[in-house]
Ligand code: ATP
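Shown here is one chain on its own, the form predicted on its own, set out as structure tokens.
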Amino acid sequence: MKAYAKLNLYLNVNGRLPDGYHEITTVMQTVSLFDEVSVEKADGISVSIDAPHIPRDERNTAFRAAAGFFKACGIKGGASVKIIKNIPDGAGMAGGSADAAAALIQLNKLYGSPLSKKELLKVAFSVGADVPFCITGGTALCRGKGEIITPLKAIPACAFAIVKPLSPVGTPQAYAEYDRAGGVCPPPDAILEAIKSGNVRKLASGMGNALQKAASNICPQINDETERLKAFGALGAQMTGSGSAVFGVFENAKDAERAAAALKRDNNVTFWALPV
């Protein structure tokens, strides 16, 4: 199964919750960059992955998703999960969350759909805040910790050039720096109206990410790559999630592909992708 990456077209932090997490408002979009996830019935839970630095035990999101699935449906089963990585980690593109979502969807099918969509989303949220969106996909306004999902009209035709700096930025690290340094983002009205009207230029100008200032304090290359994307013709550019990947919006795939190729350097990874 293809486990699609996501981009945050908009992300604002509304405040810190009593449990230490943050309440957010975000517009998320799945894109055509994907990991490959396959699941088979097995004795016990195991995860194999072609990225040696990613853990395969309870620290792995797909492992936790499988454990959560069996606990929720009361089945004494097991799963062998195999993952081929294409989405960079530490990028803010929900690579681990997408893998967990794909594992949950496949497990539910393998075991005869014991969980309803609502129950599956509940298990997904117990694994990570982005996992419920990765199950639903498309374009959505997400609130709360990210689990309150309102599907939106598909965004206007466009393409993305994505640059992932060599240095990752951990989500806890980015939010801790945000609590110290702050960050601003306008209300989501402009981007929601742009999606409604189907205007790609307004979509690009309506973007924003309140975490970019904080993440750039940790990884200054984030701002550098944002400006380079704009210099190569992006209608708008910003960081996705808590970083460190940044993306630019282009009117067509040809321009996005050209920009991604031009921006490739030894200390970054570049992609181009379409909305899905």
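Because the structure is a prediction, the values reported are computed rather than measured. Sequential numbering from 1, following the sequence displayed.
The same protein also exists as the form predicted together with the ligand; that form is not shown, yet it is the one meant from here on.
Enquirer: I'd like to know if residue 206 sits close to the ligand in the model of the complex, meaning any non-hydrogen atom pair within 4.5 angstroms.
Expert: No, no contact at 4.5 Å.
Enquirer: So, in the model of the complex, is residue 90 in contact with the ligand at a 4.5 angstroms heavy atom limit?
Expert: Contact check for residue 90: yes, within 4.5 Å of the ligand in the model of the complex.
Enquirer: Mark residue 230 yes when one of its heavy atoms lies within 4.5 Å of a heavy atom of the ligand in the model of the complex, and no otherwise.
Expert: It does not: once the ligand is placed as it appears in the model of the complex, residue 230 has no heavy atom within 4.5 Å of it.
Enquirer: Is residue 49 close enough to touch the ligand in the model of the complex, meaning at least one heavy atom pair within 4.5 Å?
Expert: Residue 49: yes, in contact with the ligand in the model of the complex.
Enquirer: Please tell me whether the candidate spot formed by 54, 59 and 171 is one where all three residues come within 4.5 Å of the ligand in the model of the complex (heavy atoms).
Expert: Every listed residue reaches the ligand in the model of the complex, so yes.
Enquirer: Among 137-145, 111-119, 82-90, 195-203, mark the stretch whose residues have heavy atoms within 4.5 Å of the ligand in the model of the complex.
Expert: Only one stretch passes the 4.5 Å heavy-atom test: 82-90.
Enquirer: Using a 4.5 Å heavy atom cutoff, which residues in 96-118 contact the ligand in the model of the complex? It's fine if the answer is none.
Expert: Those in contact are 96, 97, 99.
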